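One chain comes next, on its own, written out as C-alpha cells in the form predicted on its own.
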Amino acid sequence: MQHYQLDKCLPELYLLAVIAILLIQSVVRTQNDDSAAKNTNWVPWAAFIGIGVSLFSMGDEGVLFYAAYKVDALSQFFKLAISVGFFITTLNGLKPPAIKRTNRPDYFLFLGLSCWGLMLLSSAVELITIYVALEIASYSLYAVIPLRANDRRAAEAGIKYIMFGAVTTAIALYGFSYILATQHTSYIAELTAMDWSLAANPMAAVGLLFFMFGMMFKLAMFPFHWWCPDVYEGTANETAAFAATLPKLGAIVILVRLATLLKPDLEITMILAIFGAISMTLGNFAALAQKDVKRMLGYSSIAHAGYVVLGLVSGTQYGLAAASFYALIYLLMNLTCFWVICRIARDGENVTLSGLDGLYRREPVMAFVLAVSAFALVGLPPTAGFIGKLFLLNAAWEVGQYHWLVVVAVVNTAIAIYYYLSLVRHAYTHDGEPKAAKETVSLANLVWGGIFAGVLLILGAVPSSVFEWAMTAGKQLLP
C-alpha cells in the first residue's frame, strides 16, 4: 500500500499553497495602510482556480497515511463544494467594512485555514483524524467571529461560539473513549462491521452518539443549536456568510460517513430522527418571530439541519447521496442570500426586514437575487432547493418506519413559507422611506449575484449531472 500518494491530494495542497502566500503577506510590515503588499484582490481568483483544481481531481481515488485518509468520490464531491464556497466567501468578503485593509490578509488566512481543515475532514476516515481536522477547521473561526469594529455583540458571539465548541468537543472526545474501549478500533471501515444496538453494546452506542454530538454542533442541530442565531447576529455579515455555510459541509460529510454504521431500526438512528424533527420544528417556529434577517437565517439553519437527517436515517445509497447533494444546495442558497445582505448593508450593519422595504425600486437585480434565494430556501420550484428537499423526502419515505419524519418535514416546509417569503414581501410589496438613498451596488456585484441566482435555477431544472456525482459517492459508501 502506498501511504503518501500526494498527487491524490491536489485540492488540499493547492489551498495550502494559497494559505502559505497569505501567511507571508500577513507578516509583511508596512507603514502605509494602502500598501500594495496588503492587497488581497488576488485571493478570490486564486480560490476560483481552486475550483478548477477540484474538478480536475474528481476521479481520484486512494488510501493514504495508513488508511486514516481516504480519497474517494464522497471526499472529492465535498472538496469541490468547499472550493466553491471558499471562492464565493472570499469574493463576498473582499472589502469587509469591519476589517482594516492591513488586516485583510490575516482575515483571508483564517478563512483559508478553516477551509483547509474542512478538506482534510472530507477525507478523514479515522476518528482521531476526524477530530484533529475538525479542530483545525474550528480554531480559525474562533479568531474571526469576534472581529467587527468594536461591536460588543461580536465579542459575545465569539465567546458563545468558543464555549459551546469547547463543551461539544469534550463530549465528542468522551464518546471516542467509549468507542475505542469497546470496539478496539477507530477506523470507520472496521467499525462498519460492528454491532451498534443498545441491547448488544450499550457503551459503544452511547459513545457513537456522543461523538456525533460534535458534528451536530457544527451543523447547528438540536440540542446543540443555541449558539447559532446569536453568532449570526453578532458577527460581521461577511463572516456570518462563511460560518453559516462552510463548517456545515464538514459536519455533513462526517455524518454521512458515520451513517454507514447505522441501520434504520437502530436506537441511535431513531434518536437522530427525533433530534431532526425537533430541529425542524424549533428552528422554523423561532424564525417566525425574527426581524433581524441574519438571526432569521440562523434559526432557519437549525431547521435545515433537521432536513439533512432525512437522508442520514434512510441507510441507503440514495439517502446518503441526497444528504450530500443537499449540502451543496444549502451552501449555494445561503451564500446567495448573504450576498444580497452584504451588498445592501450600509457600513456593514445588520439588515432588518424593514430595511428590505422598497428594494425592488432601489436595486431590482438584488431584489430578484434575494427572491430566488428565498424561494430556494423554502423549497419552491423551479429552484434547486425544491429538488434537494424532494430527494431527501423520497429517501426517507422509502424507509417504512420514518414516514412520520417525512410528514414533519412537509409540515415544517409549509411553516417556513411564511418567514422566507417575508423577505420577498418586504422587498417587493412594501415601499421604503421616500428619501431612502439608492443602493450603490457595483455592476460586478450585480453580475455575480445574477450568476448565483442562475445556478440555483439551473440546478433546479437539470440537477441530474451533479446528483450523479453524489450517487457515485453513495454507491462507494454502501456497495
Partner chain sequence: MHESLPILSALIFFPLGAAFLLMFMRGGDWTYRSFTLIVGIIECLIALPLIFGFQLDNPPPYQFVERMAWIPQWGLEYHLAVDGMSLLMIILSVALLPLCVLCSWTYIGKRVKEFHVNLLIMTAACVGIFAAMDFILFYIFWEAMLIPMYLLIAVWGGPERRYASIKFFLYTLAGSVLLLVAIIAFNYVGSTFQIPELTAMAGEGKFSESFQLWTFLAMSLAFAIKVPMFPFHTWLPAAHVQAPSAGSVLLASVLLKMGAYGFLRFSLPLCPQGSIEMAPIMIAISIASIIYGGFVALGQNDVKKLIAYSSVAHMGFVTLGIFMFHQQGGEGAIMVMLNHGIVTGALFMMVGAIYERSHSREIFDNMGLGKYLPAFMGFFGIFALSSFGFPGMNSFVGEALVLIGAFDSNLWWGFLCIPGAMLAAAYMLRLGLKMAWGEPPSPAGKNWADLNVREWVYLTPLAFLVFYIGLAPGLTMRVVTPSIEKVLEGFPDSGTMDGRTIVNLQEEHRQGLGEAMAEDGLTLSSAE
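Numbering follows the first chain given and starts at 1. Note that this is a predicted model, so its numbers are computed, not measured.
The protein also exists as the form predicted together with the partner chain; that form is not presented, and the subsequent description refers to it.
In the model of the complex, A414 approaches the partner chain with a heavy atom inside 4.5 Å. The partner chain in the model of the complex comes within 4.5 Å of a heavy atom belonging to F391.
Put simply, I24 is far from the partner chain in the model of the complex: not one heavy atom of it is within 4.5 Å. A residue is said to contact a partner when one of its heavy atoms sits within 4.5 Å of a partner heavy atom; A395 meets this definition for the partner chain in the model of the complex. Contact with the partner chain in the model of the complex, judged by any heavy atom within 4.5 Å, is made by just one of W42, Y428, W448, F65: Y428. Note on the partner interface in the model of the complex: the residue among V28, V410, L55, L443 having a heavy atom within 4.5 angstroms of the partner chain is V410. Considering the partner chain in the model of the complex, the lone stretch of 295-303, 172-180, 379-387, 156-164 in range is 379-387 [heavy atom distance within 4.5 Å]. Not one of V84, Y142 and I188 is positioned with any heavy atom within 4.5 Å of the partner chain in the model of the complex.
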